[in-house]
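Okay, so here's just one chain, in structure tokens, the form predicted on its own.
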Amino acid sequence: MVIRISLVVTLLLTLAVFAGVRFSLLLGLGLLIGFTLERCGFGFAGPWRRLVRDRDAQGVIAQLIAIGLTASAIQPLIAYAPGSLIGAIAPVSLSMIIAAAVFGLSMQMILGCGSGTLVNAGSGNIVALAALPLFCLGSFLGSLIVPLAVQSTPHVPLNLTKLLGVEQSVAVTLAGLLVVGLIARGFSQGSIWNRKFLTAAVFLAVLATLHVLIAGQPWGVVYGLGLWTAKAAQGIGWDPNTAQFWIHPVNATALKESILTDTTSLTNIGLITGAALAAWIDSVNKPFKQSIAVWYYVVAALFGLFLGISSRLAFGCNVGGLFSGIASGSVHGWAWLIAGFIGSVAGVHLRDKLWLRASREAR
């Protein structure tokens, strides 16, 4: 244990020296988030699947509590520090809604959402390891497509804090989460409370709030993955000046700078490392224990690609679009929630059929 803690402290101190304290803190936040998600079994794809298949709402209720606590903290912070802090506000559109549904389906096929895929990969899940490279590629491809989507269909940004004011926005957000919770409770069988999940929800809300204070923006995942691929593509001759998304000053700067100074990249690296650390401490990796036919890994890689493309077109995955979107007061987050869950219902049934077939063929 001492050796492991020493390695983490050394890593953070080294980054602080060479990149700056702020970036070291962001990596530390990512480590803590990844550790919490892995150690507590907290996520999005799994709880949604359990609600659909087993009528178990414990994970979903914990998600809603985490979002509500985060919203109560960051909406006032962002409103009272304009310019210094920004929310995860994105537009609502037809293409965004379709993309969120595709993401919901895809995350059930690999049983990992945006953050979940990184955490699962860090803990040794073979399916997630197969999907992650294509997830990164998909995020990059999505960045090339999203300007066309924005131009071809109406995109309407709706910010509750600007429309209603901070107090009313927080109240509406909490009321909406309560309604969703009651619907989940009505569908559920058995207890809706799980101490481990609730503990993780509180920790995640605290860490998400700290992320806003340190990074100046809410927690996200997808951007960093696309940035990694864009840097790799640039290294083999791709010209970013040909892509509308990457000529934006913020994105162009990110391409020129090290990923160790990119907010989302640091938290993503932290997620993977934190999950690996949690698995290491438990002395248990979490690959799928069943023997699975090889073709299923190809399927997982394909849906990893869809995961990346759809998350970019949906203006974020379950973290940047759903969690941080709703917590910031963006109506887009609510549209993401509805569409993503509908897609997940289809994804749960499709995955069960393919998974059963893959399990039988591997015997």
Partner chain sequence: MSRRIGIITALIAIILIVALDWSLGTPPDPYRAPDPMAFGSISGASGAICSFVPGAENDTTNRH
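What you see is a predicted model, and the numbers here were worked out from it, not measured in a lab. Numbering follows the first chain given and starts at 1.
Although not depicted, the form predicted together with the partner chain is the subject of the following passage.
Colleague: Check each of Ile97, Val180, Val172, Ala215 and return the one that places a heavy atom within 4.5 angstroms of the partner chain in the predicted complex.
Modeller: Exactly one residue meets the criterion: Ala215.
Colleague: Looking at Gly114, Gly226, Gly104, Gly122, which is the one with a non-hydrogen atom within 4.5 Å of the partner chain in the predicted complex?
Modeller: The option sitting close enough to the partner is Gly122.
Colleague: Counting only non-hydrogen atoms, choose the one of 246 to 254, 172 to 180, 191 to 199, 104 to 112 that falls within 4.5 Å of the partner chain in the predicted complex.
Modeller: After filtering at 4.5 Å, what remains is 246 to 254.
Colleague: Would you check, heavy atoms only and a 4.5 Å threshold, whether Phe187 touches the partner chain in the predicted complex?
Modeller: No.
Colleague: Are any of the heavy atoms in Pro147 no more than 4.5 Å from a heavy atom of the partner chain in the predicted complex?
Modeller: So Pro147 counts as contacting the partner chain.
Colleague: Tell me, yes or no, whether Phe323 is in contact with the partner chain in the predicted complex, where a contact means a heavy atom of each within 4.5 Å.
Modeller: Output for Phe323 is no: heavy atoms all beyond 4.5 Å of the partner chain.
Colleague: Does the partner chain get within 4.5 angstroms of any non-hydrogen atom of Ser258 in the predicted complex?
Modeller: Contact with the partner chain, yes.
Colleague: If you look in the predicted complex, which residues in 72 to 109 sit within 4.5 Å of the partner chain (heavy atoms)?
Modeller: The stretch 72 to 109, when checked against the partner chain in the predicted complex, contributes Leu77, Ile78, Tyr80, Ala81, Pro82, Gly83, Ser84, Leu85, Ile86, Gly87, Ala88, Ile89, Ala90, Pro91 at the 4.5 Å heavy-atom cut-off.
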